[in-house]
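To begin, one chain is listed below as structure tokens, in the form predicted on its own.
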Amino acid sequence: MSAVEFVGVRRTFGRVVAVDRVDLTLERGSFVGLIGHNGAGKSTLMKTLIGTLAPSEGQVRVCGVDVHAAPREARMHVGAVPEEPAVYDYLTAREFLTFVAGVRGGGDVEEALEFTGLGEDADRLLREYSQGMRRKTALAAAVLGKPDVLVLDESLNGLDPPSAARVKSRLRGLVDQGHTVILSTHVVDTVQAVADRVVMLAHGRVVADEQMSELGDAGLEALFLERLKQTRDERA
């Protein structure tokens, strides 16, 4: 069974087509980089996956569960860090993660704190945290219970280099255990550093789906610029 399936997914906002009939299957145990220009539809597609937006057409399935027909069951398989994560300022990180674990029905709080390196600061109020530390707290909450699918929307931005290296290593560990990680970003270098597979969106459509090992010497940036130019030429 696949980890994630997008089947004919389309999402419109009035006359604006944000996602345009995406068909995409992501396997278990894969680290997928979802890239695209600003406004390509990355965040919209990820929101249909985590259930905060319903597709205008099509289906989204997580581990065989239709996200919008059975949202509660689907959420049990997914952990997510949105582009602008929200935390409770007057809780400590430990209290916040304990609360999230209760809502999710379980999860090892100490393991999640260790995953992101927050242990020494776990008992400080979140209102005292920097943006990078708040992002690490949201990531710790997402990995509670080790969900089958982890969705990260620009979630490595703002981390200091040692923290970013630590998190990337731990994410790779999850993938090696059979979990699926989807990192949505417009930063090509980040995808090249961590992903096994890259899916590129342009104007709401999948314009490339490649294994990183098959990109050759030109690399991901060259592919990105080439496909983006092709798409613009087609729309001209």
Partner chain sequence: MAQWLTPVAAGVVVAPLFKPVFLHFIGRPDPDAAGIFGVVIRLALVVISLFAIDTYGALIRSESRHVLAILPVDPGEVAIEELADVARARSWVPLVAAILLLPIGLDGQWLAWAGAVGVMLGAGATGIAVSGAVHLLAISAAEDPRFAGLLDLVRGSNPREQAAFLWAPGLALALAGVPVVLATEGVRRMALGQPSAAVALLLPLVAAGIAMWRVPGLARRGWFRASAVLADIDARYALVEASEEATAAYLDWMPRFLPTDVARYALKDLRHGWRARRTWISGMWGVGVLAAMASWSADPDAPGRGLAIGILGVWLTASVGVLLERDEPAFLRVWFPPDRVKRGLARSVVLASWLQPAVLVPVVAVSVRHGFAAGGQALALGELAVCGAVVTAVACTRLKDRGVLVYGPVAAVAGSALAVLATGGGL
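Residue numbers count along the first chain shown, from 1. What you are looking at is a predicted structure, and each value in this text was computed from that prediction instead of being measured.
Note that the form predicted in complex with its partner chain isn't included here; everything after this is about it.
You can rule out all but one of 184-192, 30-38, 168-176, 45-53: in the model of the complex, only 45-53 has residues with a heavy atom within 4.5 Å of its partner chain. Highlighted residues 14, 82 and 99: every one comes within 4.5 Å of its partner chain in the model of the complex, counting any heavy atom. Looking at residue 158, you'd find every heavy atom of it more than 4.5 angstroms from its partner chain in the model of the complex.
Its partner chain in the model of the complex is not approached by residue 132, whose heavy atoms all lie more than 4.5 angstroms from it. Contact check for residue 87: a non-hydrogen atom falls within 4.5 Å of its partner chain in the model of the complex. Contact annotation for residue 124: none of its heavy atoms lies within 4.5 Å of its partner chain in the model of the complex.
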